[in-house]
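First comes one chain, alone, set out as structure tokens in the form predicted alone.
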């Protein structure tokens, strides 16, 4: 079954986790703008340096930069069995540009699923994240039983600058101002589906599949 979804929600809502489960379930291509940003930064290009300057402060990356990265990625989408966008679009201009790009490829969205999570839980989820600088594995401090070291290679875990508590709060404020209006945008297009994003990943995934079933029938 071909699905073309946007997973919508604040930072820490669980979009990446649910996208991974959906990818396994439907065989669709998972496209995360966060991954696109980190890839650009790793390449140490001018574009990557621009991305880093915004992300380190917890600000949204400007639309023009985001769309340059996304349009490059969309070239491969037409070859895949559907797609799952995670963390994109983040503004109405991005959504409009995205819709135009899909139309040019004779595609349209199946749905936009919004994961609803309380802000206090979002802050705890994000500020507790740690990453291994060696193998890039991602952990949460609540799940670590032997201190903040990677269970695989024993490397000291690090906190990304944009996961620090103050940066998280800035990201959530920016989300409320610039990204939250997208809910109404997609509601008017009759594409918006909303689910409770709290609880275990399995519980959230069960809700997600349930709300998707009517639009997939």
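Numbering follows the first chain given and starts at 1. None of the values given here were measured: they were computed from a predicted structure.
Heads up, the form predicted together with a small molecule isn't pictured, but that's what we're talking about next.
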item	value
Close approach of residue 54 to the small molecule in the predicted bound form, 4.5 Å, heavy atom	yes
Proximity of residue 48 to the small molecule in the predicted bound form, heavy atoms at 4.5 Å	no
Any non-hydrogen atom of residue 149 within 4.5 angstroms of the small molecule in the predicted bound form	no
4.5 Å heavy atom contact, residue 59 to the small molecule in the predicted bound form	yes
One stretch from 59-67, 149-157, 183-191, 22-30 that, in the predicted bound form, holds residues within 4.5 Å of the small molecule by heavy atom	59-67
